[in-house]
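Only one chain is shown below, in structure tokens, and it's the form predicted alone.
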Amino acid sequence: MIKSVRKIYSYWFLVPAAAVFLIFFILPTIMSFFFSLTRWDLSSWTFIGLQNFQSFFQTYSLSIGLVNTIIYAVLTSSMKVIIGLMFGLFLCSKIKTKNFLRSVVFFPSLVSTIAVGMTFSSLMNPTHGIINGVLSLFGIAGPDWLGNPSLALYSVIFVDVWKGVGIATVIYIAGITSIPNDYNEAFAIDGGNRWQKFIYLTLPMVRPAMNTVIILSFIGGMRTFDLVWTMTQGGPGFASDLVASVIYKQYTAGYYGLSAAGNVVLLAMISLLAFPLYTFLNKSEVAE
């Protein structure tokens, strides 16, 4: 009797977290599914079935946004994986200022995304920006980073990587420092060089950290909105539009049901890509 009472009592500690999860995730998700099947104006609604989804997939900017979203997610996640690993290895080496450098690398992650977007929009200004100003000192005519359709998306990707690589680095540092010293000592006794140590010891041992970075950065890239909107608003034209920015444009235009359908599509797209990737990474990790 006492054990059963204690068991029930312990479940009450889950109530606050469950309530927050229900209110801020489950209910909005269910409402998004419902309103994606309606035409509504914040005060009334009319059920129209799958017409919103049909209209959404007929949107011209969506095809561009889908391609841009995949490019954005793949490039940002891959660059964070590679650069974060390089920084992690360097900041775990025997350097005197590594604590200071760790703070410097992580600092961009603490800054608001909106502030970062506004700052880099100014820095990348084609006529008054510091970046082109520095290039002009070397006789190089800097491009219009955010106004050129061929460069706008990649300029935002660069800023995203600059801001987010700090978190990836911290995850890698945690993985590298968790490698037992006995392994390092045994490898040194066997006469392995630095490259062999990286390939046969460090890389396999930080595989869980790498998988975490891949999943977090890929999902983050798929759902990115604020940085793109702050820097380019999806422009010029639709050159840097992502699925999230397409949805926002539909919402601001008053197509609330259409934007709800877009959110459902975005959720489905992330699920269809992220869950298989997560499964594959976990299987490969177990296999090793």
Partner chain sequence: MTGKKVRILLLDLVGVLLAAVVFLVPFYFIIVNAMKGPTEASEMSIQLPRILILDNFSKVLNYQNGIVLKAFFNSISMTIFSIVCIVVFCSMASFVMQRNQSRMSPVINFFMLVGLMLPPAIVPTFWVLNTLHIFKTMASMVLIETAINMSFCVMLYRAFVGSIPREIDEAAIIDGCGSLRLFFSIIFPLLKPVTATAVVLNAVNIFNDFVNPLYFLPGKNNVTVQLTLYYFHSAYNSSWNLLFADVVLISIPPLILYIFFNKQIVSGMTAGAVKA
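Treat the numbers as computed from the prediction; the structure is a model and nothing was measured. Positions refer to the first chain, counted from 1. Basically, rigid core = biggest C-alpha set you can superpose within 1.5 Å across the two forms.
The form predicted in complex with its partner chain exists for this protein as well; it is not shown, and the discussion that follows is about that form.
Although the partner is absent here, R223 sits close enough that one of its heavy atoms falls within 4.5 Å of its partner chain in the predicted bound form. In the predicted bound form, Y251 approaches its partner chain with a heavy atom inside 4.5 Å. By the criterion of a heavy atom within 4.5 Å, A239 is excluded from the residues contacting its partner chain in the predicted bound form.
Taking the partner from elsewhere, W40 is found to have a heavy atom lying within 4.5 Å of its partner chain in the predicted bound form.
Note on contacts: among C92, L146, I167, V81, the single residue with a heavy atom within 4.5 Å of its partner chain in the predicted bound form is I167. With the partner removed from view, the residue among S136, S178, S150, N193 that has a non-hydrogen atom within 4.5 Å of its partner chain in the predicted bound form turns out to be S178. Figure note: of the listed segments 204 to 212, 138 to 146, 68 to 76, 180 to 188, the one touching its partner chain in the predicted bound form, with heavy atoms no more than 4.5 Å away, is 204 to 212. Superposition of the core reveals a Cα shift of 2 Å or more for A18 between the shown form and the other one.
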